Each structure stands twice: as C-alpha cells, then as structure tokens.
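Just the one chain here, laid out as structure tokens, in the form predicted on its own.
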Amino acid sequence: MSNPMVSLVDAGKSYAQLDALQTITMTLGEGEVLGLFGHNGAGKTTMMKLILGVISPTQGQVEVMGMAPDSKEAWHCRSKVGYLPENVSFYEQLTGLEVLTYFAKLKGFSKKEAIELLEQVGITYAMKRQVKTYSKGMRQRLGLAQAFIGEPKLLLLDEPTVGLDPIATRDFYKTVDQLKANGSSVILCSHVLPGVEQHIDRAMILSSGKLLAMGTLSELRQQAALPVTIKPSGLNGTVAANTKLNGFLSSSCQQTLMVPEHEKLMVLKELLSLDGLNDIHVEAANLEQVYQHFLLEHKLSEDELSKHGLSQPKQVKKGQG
C-alpha cells in the first residue's frame, strides 16, 4: 500500500488556556475525498493549518507526502498543495487575470495556465476587471481557480461553496470529482451539508476540538444506529394489522416505517408480498441527520460530565475552529 498523502498521529494544538484541537489520529489516502464537518470553533481550520504547516502541533506528529509540513524540507511539496481559505481576499486594485497570473507564477506556472483556470471557473468575461468590482460569488470562483493551480496533489478547501449559486456549486463538485479521478486527495471543510455526501469517501465530525466520529457514511450510519425510513403506498390499514411490520410504524405518521438497517430487507420482502402495494420509498439517514446525531450525543455526554463537576476547563472559543 502506498504512503498516505496526509497522516496525523495523536496530533493536537493547544494555546495557553485553550485546546483548539485535541489529539487526532487519521490518514488520507491518494485520490480520497474527506469531508470535514463541525460548527465554528470545532477545530476544522486548526486542523487545516496543521496540515498546511502554517502552525506546528503542540503534540503528536503531522506528515504530508511523507514529511512534516512545517519543516524546511517540505518547501518543494508546497507547490503540490492547493488551499482555499474560508474568507478569501485579494489585491482589490488588480484585475482577476493579474491576481491569478501572480499566484500561478509563484507556483511556477504561466499566464496561459491562469487563463485556462479562469475559463474553468467561468469568470473569463470579468478577467480584465479589477477585483474590487467582483461580487462574493465571483471572488469565490477566483479563489477556487487559485486553489486549482497546477492540479495539486492535495487540496484543502475551507467552505468552498459559500457565495456560489447552484450552477457554480455543481461545476465546483465536477472539478473535485475530476481531481479525485486524477489521483488528487481533497479535504473539504463545510457546514453546508446537503449536496456534499455523494462527493466524499469519508466524513470526519469535530466538535470543540474533539473528534466525534470518522468513517464512510454507511459506517457512521451503523455507528449511530439511525433507522431507514420506508414509506409504502396503497396499503392503507394492512401494515397496522401485520404483526411483522406494525412494530416499526412511526408514532407520528401511520404510513411510515422506521426500520433498523439490519432488518431492512426483511421488511421490504414482507411489504412486497402484500396485495395493494403500488409504490415504495426507501430513504437512509442522510449526512445532515448523522451529523446532528453525533453532535447531540456529544452535547448530552458533556452535560452529563458538567452535572458531576467533571467537565474540562479548557474549551474552544468561537472563531478558533
């Protein structure tokens, strides 16, 4: 197996009275897309800065492409890393093309590459205009073009779809899928969850600097034990009368079954054997529901600890994440 693109071993970052990120162990493989989720102050940006080598870990080890990203030896790997910060800002007086040409040359690429990227993100029409005339969405597209310079092997994207309309968001995810197909690894940090799940391989959920859960969506669903929602139509009272099925009926809606993942096939077989069934809708828990489950579970355990006077004094302040 090839070396991971990113590896964190018991890596953490503390400031005087603050654990911005408690010890985290994870790896990111080549061509893998990891979704990094959490509210403001969860530790997402801190983790990205550790991977970028902008800050050094207080404890543990961070490796990117086989070396510590904050070391002198890592300089030649930096041209293979793309980064889009959450609040993107550029020199207002320069045109879009001037800004991108400047960044392209810093990474050893030409103006030609800059023009191609502006085309890819759909702002060629405004490339001769000063950035100060750009809307939030246009600035975001320019930021994405900057992050995509040189087809980076590792891409860190902090809230990449903020300010993008639905078409631009769709185009952005197409580019992510393309980079992944070419073997690039991507860390996608977002609190806008709808639309993300079909583009990520694994999800990582952080809260107050702690890792709450990590895995594929189906692993997280199993861990959270969230039921599958099954809605048959055309059966009327048949389900309520069926002893194999009526135990799964939702208390709030008599036409909906809430079924544990491992019993899904049994329930579907039973429904298919019933007369009158004319349609069936099956929906597994989505990323948003999985995320909310782990956050709520974490909050309840924190409340329990503080009730017994055991909560940790070092908590994350808003804005540190």
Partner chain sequence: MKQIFIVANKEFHDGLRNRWLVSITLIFALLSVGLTYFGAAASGVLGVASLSTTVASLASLAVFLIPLIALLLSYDSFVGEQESGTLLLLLTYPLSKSQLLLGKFIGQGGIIALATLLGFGASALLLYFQLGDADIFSAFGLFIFSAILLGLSFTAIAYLISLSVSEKSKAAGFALITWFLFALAFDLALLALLVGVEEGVSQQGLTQLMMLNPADVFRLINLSGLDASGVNGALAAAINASLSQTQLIAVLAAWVVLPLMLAIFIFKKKKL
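Just so we're clear, the structure is a prediction, and the values are computed from it rather than from any experiment. Numbering follows the first chain given and starts at 1.
Same protein, other form: the form predicted together with its partner chain, not shown, and the subject of what follows.
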property	result
Among the candidates 248, 134, 102, 173, the residue which, in the predicted bound form, approaches its partner chain to within 4.5 Å (heavy atoms)	102
Contact residue in the predicted bound form, chosen from 71, 89, 198, 218 - any heavy atom within 4.5 Å of its partner chain	89
Touches its partner chain in the predicted bound form: residue 78 (any heavy atom, 4.5 Å)	yes
Residue 149 within 4.5 Å of its partner chain in the predicted bound form, heavy atoms	yes
Contact test in the predicted bound form: residue 107 vs its partner chain, heavy atoms, 4.5 Å	yes
Contact test in the predicted bound form: residue 159 vs its partner chain, heavy atoms, 4.5 Å	no
In the predicted bound form, segment of 80-88, 239-247, 181-189, 121-129 with a heavy atom within 4.5 Å of its partner chain	80-88
